[in-house]
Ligand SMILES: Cc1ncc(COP(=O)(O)O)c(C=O)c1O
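The chain that follows stands alone, in the form predicted on its own, written as structure tokens.
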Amino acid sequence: MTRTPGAPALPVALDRGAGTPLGTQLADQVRTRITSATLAAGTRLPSSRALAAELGVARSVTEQAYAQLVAEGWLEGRHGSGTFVSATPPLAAPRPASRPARDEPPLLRLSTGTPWIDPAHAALWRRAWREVSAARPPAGYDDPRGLRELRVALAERLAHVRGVVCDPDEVLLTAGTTEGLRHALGALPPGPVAVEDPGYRAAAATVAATGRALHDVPALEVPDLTGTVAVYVTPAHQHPLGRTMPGAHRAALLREARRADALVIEDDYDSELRYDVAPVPALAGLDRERVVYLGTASKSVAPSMRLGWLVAPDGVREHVERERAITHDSPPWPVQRALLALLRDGYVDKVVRSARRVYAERAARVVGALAPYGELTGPVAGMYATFVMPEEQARAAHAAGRAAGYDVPLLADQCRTHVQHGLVVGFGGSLTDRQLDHALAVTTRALRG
């Protein structure tokens, strides 16, 4: 190969029969040699004229390839000296050998957070999305608080169903509970955040991801909030123990928060899904100035919509609004528009009523099967029931379930400091009645053994 003095040969091969232009082929091959460190930083390349003569192509082909790589920063031209490799990335770590495909079906998880959706209401779901497709989206970025019509509908619903009286302008739409939590934490001064334990793992992970210290406090006890800036709780249906925070406890928690000058962050994740009594009013209804309220559509509509709402004291809300006006960090307009239609047309209410009936029936079967082997931790609500039992029994039942194709969650997996043992048995999602009965039969056999 004819070479510029001091320049190494370039082992490239161009295919004139390929549909890719020759200049693109050449640039791709040179780039590959740079990124794989075959050509090191500072290496001088043949001149475009010499390389064109060697490859038997027009000089414009090599000039095009070199120009492209100079623009990308891989090559640099030095006046009077030639073209050089300007940078070589570190060698990529070797990819692990692919594992052979397994024929085993995935485990069916008895999930505590995936709702059962009655297919009888599918027509209303499709209607909502047809309406979205025909609607005109905003010309620019939408209101950082979210679609006003949806905030009006949610404010009315919160007052009627949850006892939280608020103005539509006090409601902020979020991409789910964890984003609402992240927004709220971003408005607080530096300091640790107390999180109930056992508790919602995603909430604990969200607090840690903000760089704040995590202070574990026993679930459903009034914690000492000295030195903290907030406490995260699930008072209507403590996750995962399933208990409801008593009235006296609620009042004591608010007094402690005032004393420590801390906020209470209330995750009201499945409060509408009570089927033994009426839904317990939200903690935020007692003190709007001390409680940040987080709601979600995940348990009533679909987790994949990634849509929730935040009602917060003025200082927190205004901070979030200012940040979002800059970052445009709000849920997608089509999803907000769809939820508005689903609320207006009664889809959400119908789905919730259907789910309550199904959950009540399934809960009775779960309690009947497992109550002889563990202590039910609270009144069953929502889409799961929790049983405390010795660790050996819980792990034996969990292992037997996995062997039969079911993942029955362990209570210990929801704990951090205050470890308890037992099973958290979900009965929502795509689980059928037949699958639930089979999973319970497998679990009880293991517990009897």
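Everything quoted here is computed from the prediction, not taken from an experiment. Counting begins at 1, following the sequence as shown.
Another form, the form predicted together with the named molecule, is not on view; read the next lines as being about it.
The chain is drawn here without the named molecule; in the predicted complex, the stretch among 343-351, 122-130, 142-150, 290-298 whose residues come within 4.5 Å of it by any heavy atom is 290-298. This chain lacks the partner; the member of R356, H319, R306, R109 within 4.5 angstroms of the named molecule in the predicted complex by a non-hydrogen atom is R306.
Only one of the listed residues (Q336, T83, T377, T177) places a non-hydrogen atom within 4.5 angstroms of the named molecule in the predicted complex, and that residue is T177. Proximity of W74 to the named molecule in the predicted complex falls outside the 4.5 Å heavy atom cutoff. In the predicted complex, the named molecule sits within 4.5 Å of a heavy atom belonging to G113. Residues of 379-397 are not found to place any heavy atom within 4.5 Å of the named molecule in the predicted complex.
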